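Just the one chain here, laid out as structure tokens, in the form predicted on its own.
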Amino acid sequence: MGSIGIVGGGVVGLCAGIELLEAGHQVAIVDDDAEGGAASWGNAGHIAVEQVEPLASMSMVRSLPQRLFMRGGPLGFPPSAIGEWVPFGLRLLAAARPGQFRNGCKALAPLLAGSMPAWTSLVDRIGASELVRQDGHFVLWHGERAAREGRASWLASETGTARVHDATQAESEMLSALCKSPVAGAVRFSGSGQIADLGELRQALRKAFLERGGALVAQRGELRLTGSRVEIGGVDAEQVLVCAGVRSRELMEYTGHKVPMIAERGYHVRADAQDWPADLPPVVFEERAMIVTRYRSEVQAASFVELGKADAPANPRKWERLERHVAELGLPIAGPFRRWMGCRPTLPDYLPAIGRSTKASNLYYAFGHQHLGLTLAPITARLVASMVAGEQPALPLAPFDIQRFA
């Protein structure tokens, strides 16, 4: 077995590193995120097996005017990033055509079907099975019309291995008790799940990686192209895997690939858990596009899709609106709030990029998982390990080839 250098130590990079070590490779992960501030460790913690339908859809496009931040919605288009989101949006429109949308569903379905089994297998192998909870999640509405339309929409949607059903009376009463006004309707999903604590997950994955003989190199990963091969500066590796989140764009474009990826910025606020029930699965307040997740000692409210530049300063109005949602709903969450913003790596068809480079003979890639990075990390790692071994992956990878944007 050979040596492999991975650029990116987020959840995809760590899961891939563990799989490759268990396959007998020597592996080094190059990553400069010492504080764990990347999107892998600040997301909603939701294992979203139900999200089979890509966000690049005509229904999403039609809903855009009502979803704008200026109209109270979760979607922001910063004027300073117009050069980023206009070309991205044009490609998204092409991907949202019915035929392309159906192809996207067909590609995502088997990935998502394998995601929960891959997660449970991984955490069992590393001795951290308590970190994956398979309790599903709730979606609720306070308005009667929103409840009727939202329930009908979810019942008509393709949700893969997840199942959706009306919340019981006891569940609805419990959810209403969290708010200052009763809920008008709620559904519960089964088959989905959550990570019990993202900080503990990061520690467990890093510990498992090191125990299996992996090396963590605390530096910014940079590529050098030498002839038909790439090298990572300062790291001796025969093969290279890029899974560096939003930075993957510059790394892959350096090698000659076209990567129309945007930084899809999300925001969250966290507070001490206080009175939020410890055993409550994630709760989606769909009218406010907000998901609330209980972790070990914290509770988090997360929202917003802000299409912009990765290095632009955060917009404090997003945090302020999240905190206002919490207050207006009367949720048992009180400050002081800890604020965070992170960048999802998103491609215009809302499918990840997983494959082997046609520009460099020793280069592999796995990035662009948008909202599904946490969900798809272990199944992506399995596919990467198969590719590196020269085996036929368990799932077809053609839909995820980055050359689809060439």
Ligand SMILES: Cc1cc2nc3c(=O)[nH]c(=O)nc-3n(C[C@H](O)[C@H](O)[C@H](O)COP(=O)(O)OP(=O)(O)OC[C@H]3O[C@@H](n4cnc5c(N)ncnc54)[C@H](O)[C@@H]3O)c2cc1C
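Being a predicted model, the structure only gives us computed values, none of them experimental. Residue numbers run from 1 along the displayed sequence.
Missing here is the form predicted together with the named molecule; even so, the following discussion is about that form.
Find the only residue in A56, L372, V52, A360 having a heavy atom within 4.5 Å of the named molecule in the predicted complex. Comparing distances to the named molecule in the predicted complex, the residue within 4.5 Å is L372.
Only one of 308 to 316, 214 to 222, 78 to 86, 126 to 134 has heavy atoms within 4.5 Å of the named molecule in the predicted complex; I'd like to know which. Only one stretch passes the 4.5 Å heavy-atom test: 214 to 222.
Check L251 for me: does it contact the named molecule in the predicted complex (non-hydrogen atoms, 4.5 angstroms)? Yes.
Contact of Y267 with the named molecule in the predicted complex (heavy atom, 4.5 Å): Within the cut-off, so yes.
Please tell me whether any heavy atom belonging to L20 falls inside 4.5 Å of a heavy atom of the named molecule, as the geometry stands in the predicted complex. It does not: once the named molecule is placed as it appears in the predicted complex, L20 has no heavy atom within 4.5 Å of it.
Taking heavy atoms only, is I4 within 4.5 angstroms of the named molecule in the predicted complex? Contact with the named molecule, no.
Sequence-ordered list of residues in 98 to 119 near the named molecule in the predicted complex, where near means a heavy atom within 4.5 Å: If the 4.5 Å heavy-atom criterion is applied to the named molecule in the predicted complex, 98 to 119 yields nothing.
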